[in-house]
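Consider the single chain below, provided in structure tokens and representing the form predicted on its own.
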């Protein structure tokens, strides 16, 4: 375990050093990432300032949901979601074979070599929004914090599952970066309170596709008003992880080298 952590940290250090070779470009990329991720919260603020609301939610409660979503995305994007572009790019140019001959599992090496330093801008945005929103709300109890931490761990697990599925598709769907757009479209629902959607949509994003757990479910636990179907969302998140791991192994068997 220590050896794996050491290898991962070395991979992250190398990736960061590579990006820091062009510091202006690196910090500009981080800033752009931050601004892009702040688009939805800014729209939410404009909606509330113009008198409209999400029924049953004040502005900072809605922003807390979006803060949790961005915090999860901000952790996933630089630290392990890079397996998506890393796999797609390596399969396309033929260097995915190099991961197959390493003395470590392919998945681990795809994560290590996929560290994305400029996505740290998303993490900064997530931490900032989460902190601001939480500071304007009543302080959660210890029990609510514990519930939140467990659910947020599952949030990261679901992000990992989505990353695995997209990377798996990249093995056979060569060079197609539209996968990011598909992921973005599906998970956008996680930035809003699940309760504002119709019952059928709530069921889909909570119990079929694990989307509500990316933001709404852990945030509502922190607010002391847990979402309906929270236990179901927990079960779906665990099943989703198992499915994504199986899907990765299945797609890996279908990999056909293009040389390079």
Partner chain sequence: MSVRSFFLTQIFIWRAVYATRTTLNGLTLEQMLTYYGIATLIGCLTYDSTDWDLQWSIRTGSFLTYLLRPISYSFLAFAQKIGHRILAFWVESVPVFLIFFFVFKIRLVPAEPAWALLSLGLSFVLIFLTNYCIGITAFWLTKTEGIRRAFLSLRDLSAGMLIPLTFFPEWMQKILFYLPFQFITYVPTRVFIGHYELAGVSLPIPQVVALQFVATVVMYAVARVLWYFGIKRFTGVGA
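Residue numbers count along the first chain shown, from 1. These figures come from a predicted structure and were not determined experimentally.
What follows is about the form predicted in complex with its partner chain, which we do not show.
Residues within 4.5 angstroms of its partner chain in the model of the complex, judged by any non-hydrogen atom, belong to 25-33 and to none of the other stretches in 230-238, 25-33, 217-225, 204-212. Though the partner is left out of this view, residue 60 does not reach within 4.5 Å of its partner chain in the model of the complex, counting heavy atoms only. Its partner chain in the model of the complex comes within 4.5 Å of a heavy atom belonging to residue 189.
Using a 4.5 Å cutoff between non-hydrogen atoms, residue 95 does not count as a contact of its partner chain in the model of the complex. In the model of the complex, its partner chain stays beyond 4.5 Å of every heavy atom belonging to residue 176. Heavy atoms closer than or equal to 4.5 Å to its partner chain in the model of the complex belong, across 21-52, to the residues 22, 25, 28, 29, 32, 33, 36, 39, 40, 42, 43, 46, 47, 50, 51, 52, ordered by sequence position.
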